[in-house]
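So here's one chain in two forms, each on its own in C-alpha cells, numbered structure 1 and structure 2.
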Structure 1
Amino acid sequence: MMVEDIRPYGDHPDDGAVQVAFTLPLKAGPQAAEAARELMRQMGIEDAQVVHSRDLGGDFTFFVGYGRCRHRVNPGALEVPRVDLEVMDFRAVNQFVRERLGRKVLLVGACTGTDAHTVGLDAILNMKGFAGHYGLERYPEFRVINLGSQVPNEVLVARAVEEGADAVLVSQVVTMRDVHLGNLTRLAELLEAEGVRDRVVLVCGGPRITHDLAVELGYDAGFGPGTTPSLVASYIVGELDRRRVAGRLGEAR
C-alpha cells in the first residue's frame, strides 16, 4: 500500500464507507439476506450490513447495504482519458478561425439511427446554446447544418459529402442494449467506405459517451454530460488547424 492510496470516507479517514443497493432473484428471508451480505463480501466490503430489504412481489428482493470497502486506489497512478485542450471562448474561437484557418468552417450534425433525443445536440448547435454559452450556429465563422432527429447514417454521410463538411457531429442518447455502439460504428465505417473519413473531424456526444469510448469506436473525440459548445468549438478548430499544419487538410481545398 502506498501513502497515496485512498479508500472511501464516511466520517473518518480511511473508514472505507460505501453504500450499495441491488436486487437478488430470491424471495425475502434470512437466506436472501445472507446472500446479499455474501455478495457484498465478494465485492470487498467488510462489516457488510444489510440495512434494508424488501420483497418486490415475485422472486425478487431489494437490498440496501452499508459496509467498509477494503479496496484502495491510487488516483495519481490512473490514466484519465479526456480531450485535453485549452478551451477558447466564443471570441477567441472565431478569431482563431479567421487567423489560422482563413475560411468558414462547415459543421453537419444529427441524431442518428432511431434516436430522437435532439436536446443534447441542439444544446451544442442551436443559437441559444447551453449553460450560458452560445451555440455553434451563433459563431460567425461556423456554418451549421443540423439535420435533427432519427437521421439514417446514410443520409448524414451523403449530406456531409455533398456539402464538403469539415466536421460531423453525432448525438446518441439511447444506449440500452448498446444500440449506440453499433450505430456509431456503422457511421464511422460508412465514412471510411466513402473515402471521406480523413477529410472530416468526426465527433460524437451523449450522456453515456466518454472520450475513450469514442476513440475506440473510430471517432476523433467524444463528449459527455455537461459539454459546452465552446469546448466542442475549441476542439474542432484546434483539430482542423493541427491537420492543416500537418498538411493533411486545408491547403487541398
Structure 2
Amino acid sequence: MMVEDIRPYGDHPDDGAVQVAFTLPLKAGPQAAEAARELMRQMGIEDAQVVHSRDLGGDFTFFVGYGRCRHRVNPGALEVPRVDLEVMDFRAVNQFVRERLGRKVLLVGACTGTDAHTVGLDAILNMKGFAGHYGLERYPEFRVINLGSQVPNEVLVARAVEEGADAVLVSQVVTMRDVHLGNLTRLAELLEAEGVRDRVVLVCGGPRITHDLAVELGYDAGFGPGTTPSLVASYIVGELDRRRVAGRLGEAR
C-alpha cells in the first residue's frame, strides 16, 4: 500500500519531529541563538528549540536544534534519479561476462584532482569490497587497475587509453565549493578530446553524485552513497553488452 503525505517520525507517527544542525556567521550569544530559532521557523519547523550551541571562534557559532516539521511529502509522487538495471550477484556477473562478452573486462579507476579520499573507490574496487559484496578486483573476469588518489585527469585518461580500458571509474568525495563538478567535467572532456569517450563506459560516484547529475556532466552513470560493487559491476557489463549488440564495442581495442 502506497503511503501518502507523510511527515518525519520521532516519538510517535506523524509528530513531525526533526533535528537540524548548521553554522551561522554570528558570535555566540543570545542574539545568535534567537537567529538560529528564527531560521528554523522559516524552514517550516514549529516549536523550534536550540538544544546545543558551540562557539567556533571569531564570528561563527554551530547550532543543533529540535522541532516539528509542518511540511509533508508524498513519496508516491516522486521520480527517483537512479540507474535502471537488473543487479546480478558475484557469480552471475562473471558468468555473464564469459557467456556474453567472451573476454575479461578491463577497468581503470581513480580519485582525481586533489581528492585524497579513497574510501569510496576502494569500496567498489578493493577485493574486500563493501557491505558483504566482493570488490571488483576479486571478480575473475575483471582486470582492475586502481590508480589511487590525487590522480590528475590527464594521467587517468592516458592510462585508460594505453590499456584500452572498457570502463573508467572516478570517485569524488571532496565537494567543497563544487570542485567535483569542474573536475568531473574536465575528465569527460579529455576523453572526448582523445577520441575515446564513446569506447569506454564512464562512471562516477561519491556522496553528492546522482545519476541525473552524472549524465548531465557527460557520464554514462552515477552512483551515490551505499552503492555496492555488484551494482556497479552489473551496470558495466550490461552496458558493454548493449554496446556489443548495437555494434559500438571493440572497434578500437
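Every residue number counts along structure 1's sequence, beginning with 1. Each form is matched to the other, and the largest set of C-alpha atoms that superpose within 1.5 Å is called the rigid core. Just so it is clear, the structure is predicted and the values come from calculations on it, not from any experiment.
K.L.:
Do you think the form predicted on its own is shown as structure 1, or as structure 2?
P.N.:
That would be structure 2.
K.L.:
Note yes or no: does the Cα of H211 move by 2 Å or more between structures 1 and 2 after the core is superposed?
P.N.:
No: H211 shifts by under 2 Å between structures 1 and 2.
K.L.:
After the core is overlaid between structures 1 and 2, has the C-alpha of G16 moved by 2 angstroms or more?
P.N.:
Yes.
K.L.:
Would you tell me if N74 moves between structures 1 and 2 by 2 Å or more at its C-alpha, with the rigid core held superposed?
P.N.:
It does shift by 2 Å or more.
K.L.:
If the rigid core is lined up, how many Å does the C-alpha atom of G29 shift between structures 1 and 2?
P.N.:
Looking at the C-alpha of G29 between structures 1 and 2, the offset is 10.4 Å.
K.L.:
After superposing on the rigid core, what is the C-alpha displacement of G58 between structures 1 and 2, in Å?
P.N.:
Superposing on the rigid core gives a C-alpha shift of 7.7 Å for G58.
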